[in-house]
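One chain comes next, on its own, written out as structure tokens in the form predicted alone.
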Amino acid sequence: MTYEVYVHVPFCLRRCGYCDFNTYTAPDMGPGASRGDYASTAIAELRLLRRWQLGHGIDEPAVSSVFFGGGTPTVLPPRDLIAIVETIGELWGIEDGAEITTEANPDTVDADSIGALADGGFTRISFGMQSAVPHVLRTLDRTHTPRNVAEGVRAARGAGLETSVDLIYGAPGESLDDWRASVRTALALGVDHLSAYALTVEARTKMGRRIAAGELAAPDDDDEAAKYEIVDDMCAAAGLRWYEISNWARPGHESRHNLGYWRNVDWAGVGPGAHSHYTLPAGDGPARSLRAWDLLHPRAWAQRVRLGDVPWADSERIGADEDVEERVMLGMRLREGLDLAEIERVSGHDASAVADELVHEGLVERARGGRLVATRRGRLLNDAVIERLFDALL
């Protein structure tokens, strides 16, 4: 059994024009919700979650992965992030060799802060690089430079930390050559891991409003597909293989946090808007698991924690059909693939005919043990592959 903890830090120095995440630029958002005392509220939530788990017959094992996301976790001082990790160890224990990651905006860390994180038990940093091309960074409203990224990766490697960079493709005005330059620059850093995500634009963001006004071009599906093929080829040539649709790594350097999420393990989510997932004990009704999510606004979240309550906005129990849907959606994103025999057993339906069709069409391959693995074409058409499996299994 695997257990992970995700900590959401909802602060940024500046909001990027494309960002639709739950982030805030104001440093003071009231008691317990401000940058200065955020860690103490997150620690209090961890204690409330542990109490809730034990009260509901859920006794999780030692933590295998801790991941700080945001926002920009590194706007908090290293001592705050370390204090949260230490509390996780106190409450559940942390496995030997556990992965402890923080995301970092390259202009919020330096050699000293990275060294402090390494000394405090962190093992990995994921840098939000997004692009190596200045005009693309400006379009994305990013404030860092390629030099910031290189200095951060160098400092992290010098401190003995594993490194990853995140890239975004499909920004307005980004050419194929721009994208090749970004991937080439990222790989030249010698990172262990690379994530690449297609730009999605929400209407309520600054970029969404600019696109609606005709100031910027909307992302193009064919352009993004071409860029996916480029990053897949370039990563493979550099020794990084895909292990999840949007993630590539040197063998043995896959993100445990990512794998745990896509394998649907148990995890506790801490912080405004964070999601949690728990397998329910046998005998706890027909539901197989529970999904819950924290209150979205930091002020409301902190107020609930101060009252001594787990700060969930709501929760839902996952029944049999939803469980099958989740297994299919998650499994078909992974290189290890979907266990067809197991999903047929759980659903009570035979999907072999649809599987044969998908193989014939070049969308999936049959791997060891009869698992279905998406081909590159299947990765690009992943939603359609999943819908056809749903039709057979539900």
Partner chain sequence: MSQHHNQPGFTDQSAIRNFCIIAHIDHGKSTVADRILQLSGIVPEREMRDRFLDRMDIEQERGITIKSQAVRVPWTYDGQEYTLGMIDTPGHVDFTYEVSRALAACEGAVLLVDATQGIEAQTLSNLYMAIDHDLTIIPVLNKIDLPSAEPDKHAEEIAGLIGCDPSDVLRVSGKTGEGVRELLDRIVVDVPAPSGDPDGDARALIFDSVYDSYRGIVTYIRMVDGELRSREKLHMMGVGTTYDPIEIGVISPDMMPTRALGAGEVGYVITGAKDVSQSKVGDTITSAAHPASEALPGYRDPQPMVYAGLFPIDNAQFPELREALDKLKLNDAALVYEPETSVALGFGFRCGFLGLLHMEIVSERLSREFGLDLISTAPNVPYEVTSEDGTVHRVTNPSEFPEGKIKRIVEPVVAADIITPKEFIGAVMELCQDHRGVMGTMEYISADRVEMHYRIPLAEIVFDFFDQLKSRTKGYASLDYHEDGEQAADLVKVDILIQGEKVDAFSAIVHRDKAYSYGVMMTKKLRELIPRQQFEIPIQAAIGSRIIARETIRALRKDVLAKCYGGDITRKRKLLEKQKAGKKRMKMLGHVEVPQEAFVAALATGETGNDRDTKDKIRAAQKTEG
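Keep in mind that what you see is a predicted model, and the values were worked out from it rather than measured. Residue numbers count along the first chain shown, from 1.
Just so you know, the form predicted together with the partner chain exists too; it's not on screen, but the next bit is about it.
Q: Where, among 44 to 52, 339 to 347, 27 to 35, 359 to 367, do residues come within 4.5 Å of the partner chain in the predicted complex by heavy atom distance?
A: Looking at the partner contacts, the answer comes out as 359 to 367.
Q: I'd like to know whether Leu381 contacts the partner chain in the predicted complex, with contact meaning heavy atoms within 4.5 angstroms.
A: Within the cut-off, so yes.
Q: Using a 4.5 angstroms cut-off on non-hydrogen atoms, would Trp179 count as touching the partner chain in the predicted complex?
A: The answer is no: Trp179 has no heavy atom within 4.5 Å of the partner chain.
Q: Contact with the partner chain in the predicted complex for Leu161, defined as at least one heavy atom pair within 4.5 Å: yes or no?
A: Answer no; every heavy atom of Leu161 is more than 4.5 Å from the partner chain in the predicted complex.
Q: Would you please decide whether Arg154 lies within 4.5 angstroms of the partner chain in the predicted complex, comparing each non-hydrogen atom pair?
A: Taking the distances in the predicted complex, the answer for Arg154 is no, it never comes within 4.5 Å of the partner chain.
Q: To verify the annotation, which of these, Glu86, Glu316, Asp141, Asp233, has a non-hydrogen atom within 4.5 Å of the partner chain in the predicted complex?
A: Exactly one listed residue reaches within 4.5 Å, namely Glu316.
Q: Taking the partner chain in the predicted complex as the reference, which of Trp262, Trp242, Trp312, Tyr278 has a non-hydrogen atom within 4.5 Å?
A: Spelling it out, the residue with a heavy atom inside the cut-off is Trp262.
Q: At a 4.5 angstroms cut-off on non-hydrogen atoms, which residues of 296 to 326 are near the partner chain in the predicted complex? List them in order.
A: Heavy-atom contacts within 4.5 Å come from Glu316, Ile318, Glu322, Glu325, Glu326.
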